[in-house]
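Before any questions on binding or motion, here is one chain by itself as structure tokens, the form predicted on its own.
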């Protein structure tokens, strides 16, 4: 039997709209789930996804990806790479696996919302594939670290992190619940697939895949690459939604959703990806600094995408560019200082050679963040390790749910942006975090970050050990210096004059 050419049937299969007979269109696509914003169904039918795929092609491609990733894992299992890898790189993997797999699995629910409720048939079609993508991503990223649970209980946090009250998990849930689990299908397509996945997920996976390959971790590199190619495809769902909103007088609302999602994603990845790229990855294996990667993938490429779609750069763009020199360094210092409260072992990353690299990539690092490193080194050299651990509570932003950071030392610029709303005082790490809250205070009010919970009496006893117990961190899971403080020895060696 002769077969029709693909171009003769593709549009028919993807444009499956119909006129309901037993329910009204409003019942079939309730506004709170579809988010049509008064735009007629015939307009949503013009939705044209740039990446075309059909089921048979999808299954064949995904089978090849899985076969490749699992084959590399099987082939390299006997090499004992993880047992012999640099502890800083191991920490990158442990942190990644705790932060990402269950968020990927949750994203399948967000894709399912679009697959069922989006008024654009093209969006529904693409979301079915996106739903399967995210399910695969969750499964494969839970399977790979499970093999290492025999080495350390920290690997088990791939399954555990999002089910705990650990402070970083609270912050991650706050963002993902906002962008994925509590929005209508159009908002999900914009905030999740466009703002988050087009920019920051690609950044996470491209950057880690490059660093993994440089570090010789071909298992992790093949896994991450197989996921990133999926993200590049289903991340295309938001662009057509934006075009329809802009063409139908909804540019301001679209701009607001994009701006809020970009900023919230930036703050989360400044704590996850920034330290991994600039501090945990062995220096000889770093392909780019975090700032260089952000400038290439976010500041340059993503900015161009926004303008091409008819949007403006976010109003805070200059603030974001400035923060590339600041925020992730502050997050790293805070995470290392509060290392017992995370499920991985942070690498300090400021030995003498690392400091030279940091100063080269971030001029002025030594006279700012370097002053904090000097105090840490001095305490460790003089047998006072207890002074390099937590004694006080940090101030945590009520928007990003992460500690408020800034420039230390003589250029100190840390500021707490405050807002009183319905009798409660909220604290924010920047004017942009405060703006995100003010967009929709009813959505965000009442949420308690870890410090709020501590002060509300949820943590008992109200001390560090009580906090660790509340966060679900048991012995063998609490973080410590990745290299066992061996890097400090480089500072105790006597200096010799060059011959």
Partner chain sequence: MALFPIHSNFERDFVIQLVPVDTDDTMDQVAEKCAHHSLNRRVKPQPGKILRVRRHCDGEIFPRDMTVASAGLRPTETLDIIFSDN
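Residue numbers count along the first chain shown, from 1. What you see is a predicted model; the values in this text were computed from it and never measured.
What follows is about the form predicted in complex with the partner chain, which we do not show.
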Of 75, 381, 307, 387, the one that lies within 4.5 Å of the partner chain in the predicted bound form (heavy atoms): 387
One residue of 84, 71, 410, 182 in contact with the partner chain, assessed in the predicted bound form (non-hydrogen atom, 4.5 angstroms): 410
349, 486 and 491 each touching the partner chain in the predicted bound form (heavy atom, 4.5 Å): no
Partner proximity in the predicted bound form: residue 300 to the partner chain, non-hydrogen atom cutoff 4.5 Å: no
Close approach of residue 372 to the partner chain in the predicted bound form, 4.5 Å, heavy atom: yes
Any non-hydrogen atom of residue 88 within 4.5 angstroms of the partner chain in the predicted bound form: no
Contact of residue 80 with the partner chain in the predicted bound form (heavy atom, 4.5 Å): no
Contact stretch among 240 to 248, 399 to 407, 136 to 144, 220 to 228 - heavy atom within 4.5 Å of the partner chain in the predicted bound form: 399 to 407
Residues from 414 to 429 in contact with the partner chain (non-hydrogen atom within 4.5 Å) in the predicted bound form: 414, 415, 416, 418, 420, 425, 427
